[in-house]
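One chain comes next, on its own, written out as structure tokens in the form predicted on its own.
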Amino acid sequence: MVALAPPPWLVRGARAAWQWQWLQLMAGLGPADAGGRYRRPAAAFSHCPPLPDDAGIPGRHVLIVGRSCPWAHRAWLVWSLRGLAPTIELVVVEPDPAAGRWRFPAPFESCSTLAELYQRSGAAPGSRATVPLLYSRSQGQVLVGESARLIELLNRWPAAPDAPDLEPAAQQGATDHWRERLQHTVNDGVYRCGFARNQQAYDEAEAALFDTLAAAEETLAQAPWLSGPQLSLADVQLFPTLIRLELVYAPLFGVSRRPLWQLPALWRWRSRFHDLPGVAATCCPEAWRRDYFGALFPLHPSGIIPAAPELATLVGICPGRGGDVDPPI
């Protein structure tokens, strides 16, 4: 028996209905402006507080992250690179896709979900409960929940004498420049591509993304790190996006025009960063793929997790470059 194609009127009706439903779902997932461009909502607890008086005292502070969140990943990286485990406890929350929230694996401060902790800390009604955040046990309060400000605070946190300073004074101007550009065109840029409501919004975001990656390629062909000879917060901001590129963002958000192996300096930079002490332990590719493909229903209704390359193949020798890989710096 030959299966008959559905009649054209049914196809048109189904497409119109799905387009309408998709727009409703996307409105909740990722707000957009009138031109269909994704706009990330402001985070609660977005101010950068001064260094607490009890900073550096064990047992007083907790860094809360989620494995799949790239914004949390940058805070986790600073915590790891600067060796802050002795004074800041790390708590990893788990996604609850059915409820669209983060939950604690075990009760934390009498809270079972991150939303409860936000409410107890005085977040405005309707605020999104997001990771990362730094919590003060002594104050019973979220101190900061905006990742860009949080990594600055963690860089000032008391640490061992050999802990890296990720805001080297001689590179401050270049670091600030890269951080600002990356935030809008790369870190948020992949989401602006994936959550675009129309072709023009996608084209603008995709062009800006690859323009910035091309600029980073030029810079890294001349220097080991983005803002100069020393590792900085600019590198920390770029890594969580680039390490997810082939595994999540290219297939799910449609940012596959130029694979990273065609940008060999960026490829080598990513490998060097991954080889830094403690970085590999913050990379959880199975969780990334499970959470992105499983939770972003409007972008991937089937929930099927497609096959992907092993992470080890993405942080090794650049294809076609032989042994041309810079040593860790």
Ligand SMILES: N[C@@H](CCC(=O)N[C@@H](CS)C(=O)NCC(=O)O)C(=O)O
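So that there is no doubt, residue numbering starts at 1 and follows the sequence shown. From a predicted model like this one, the values you see are computed outputs, not experimental measurements.
Just so it is clear, the following notes concern the form predicted in complex with the ligand, a form of the same protein that is not shown.
Comment: the ligand is not present in this chain, but in the predicted bound form one of Phe239, Trp71, Trp178, Phe253 has a heavy atom within 4.5 Å of it, namely Trp71. The contact with the ligand in the predicted bound form, taken as any heavy atom within 4.5 Å, belongs to Thr130 out of Asn155, Ser136, Thr130, Thr212. Interface membership of Trp102, defined by any non-hydrogen atom within 4.5 Å of the ligand in the predicted bound form, is confirmed. Of the heavy atoms in Gly194, none are within 4.5 Å of the ligand in the predicted bound form.
The shortest heavy atom separation between Glu167 and the ligand in the predicted bound form exceeds 4.5 Å.
Contact annotation: Ser121 falls outside 4.5 Å of the ligand in the predicted bound form, judged by heavy atom distances. With the partner left out here, the ligand still marks one of 141-149, 168-176, 203-211, 223-231 in the predicted bound form; by a 4.5 Å heavy atom cut-off that stretch is 141-149. Taking a 4.5 Å heavy atom cutoff to the ligand in the predicted bound form, none of the residues in 161-180 make contact.
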